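One chain follows as C-alpha cells, the form predicted on its own.
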Amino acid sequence: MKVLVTGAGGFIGSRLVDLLVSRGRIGAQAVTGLALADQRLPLVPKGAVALEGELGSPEALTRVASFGPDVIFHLAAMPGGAAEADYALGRRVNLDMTLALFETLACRERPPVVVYASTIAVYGTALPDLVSDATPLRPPLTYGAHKLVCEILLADFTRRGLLDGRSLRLPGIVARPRAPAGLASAFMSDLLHALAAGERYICPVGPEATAWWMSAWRCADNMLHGAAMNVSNADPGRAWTLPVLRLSIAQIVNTLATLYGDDRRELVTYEPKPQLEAVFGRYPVLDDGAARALGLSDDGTPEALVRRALETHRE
C-alpha cells in the first residue's frame, strides 16, 4: 500500500514516519510507497517522496493525486495558540487545506483510509465529571472549532463512500521540543524537560491541576493502529478520543522525582494562571471504552509515560 503522511516533519509526524519505516507495514499490509508532506522536511528516508511547501496549493494537491495514496495520516496543522492569534492563517491551514485534501483524495476509485489527527480541544471547558461519547462538543478556541468541523466533514465523506475516515482526538502529547510551539499546553512538555535536566521550573498551573497525558511514541503507535483497525460497525461519527492517563501535575512531579531524584520536587514553583488552568488543568475522568475496544491504548503507567515521552529515537 502507498502511504501519505502530512505534517511529516513535525513532532508527532516524524515519529510516525520512524515507525512506518522501521516496521514497513500497517497491520498485515506492507508499505510499498511513502510520501511525506510538510512545509519543510529536515530528513527524508531513502525511497520516500518529498512534498515540501504549502499542502493546499494546486501543485501540491496534484502531486498528492498523482501519488495515489491508499492510507493518509493527516497531521499537518497550525497549533492552537498560534491559530487563535491569527484567525485567517489558522482557517487556511486547519480548515481550508484539510477540505481541499479530502476533496482531492475523494477522487480515488477505491476510498482511501484517512486517519485524521483531531484534538481534545473539541470539548469545552465546563466539562462534566465523566466525559463520554455523549458529551456535547463546545470548543473553547477556534483551533478546536476547525478540528471539529473537519471531523464532521470526514464523517460525511465516509458516509458518501468517498473516504474511509477515522478521527482520533489527541490529548496532551509530550514531550515537545523546548522551543516556542504555539501551543498553550506546551507547559506540559516544558515541565518534563526542565525537571529531567535538573532545572528550576515555574509552573503556570497548580499541583492539583489534572490533564490527559500521552507520549508522542504512544500517539504514533495509535495513529498506525487507527489505520488498520476494523471500524465497519463503528459509530457513524467515526471519531474517538484516545485512551489517556489522567494525571495531576503533582503526580507527574512525583514520577519525575522517582526517576531522576527527590530534589526534583524542590525545583518547581507554582504560579497558576487561572485562564490557562481553566482550559488545561480541569480534565475529568474519560470514558474511553469504545476506543480501547478498537485496540487503541494509553502509556500504561506514569513512569512509562515519562520515559517514553523523553525518548527522541526508537531503536
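Residue numbers here begin at 1 and follow the sequence given. The structure displayed is predicted, hence computed values, not measured ones.
Beyond the structure shown, there is the form predicted in complex with another copy of the chain, which is absent from this document and is the topic of what follows.
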State the residue from Ala145, Ala220, Ala227, Ile120 whose non-hydrogen atoms include one within 4.5 Å of another copy of the chain in the predicted complex. Ala145
Ile249, Tyr260 and Arg307: each with a heavy atom within 4.5 Å of another copy of the chain in the predicted complex? no
When another copy of the chain is placed as it is in the predicted complex, which of 69 to 77, 210 to 218, 188 to 196, 90 to 98 ends up with heavy atoms within 4.5 Å of it? 90 to 98
So in the predicted complex, does Arg178 come within 4.5 Å of another copy of the chain, heavy atom to heavy atom? no
Please run the contact check for Pro111 against another copy of the chain in the predicted complex: heavy atoms, 4.5 angstroms, yes or no? no
When the contact criterion is heavy atoms within 4.5 Å, does Phe157 count as touching another copy of the chain in the predicted complex? yes
Can you work out whether Ile202 and another copy of the chain are in contact in the predicted complex, taking contact to mean some heavy atom pair no more than 4.5 Å apart? no
What residues, if any, in 124 to 155 have a non-hydrogen atom within 4.5 angstroms of another copy of the chain in the predicted complex? Asp133, Ala134, Pro136, Arg138, Pro139, Pro140, Leu141, Thr142, Ala145, His146, Leu148, Val149, Ile152, Leu153
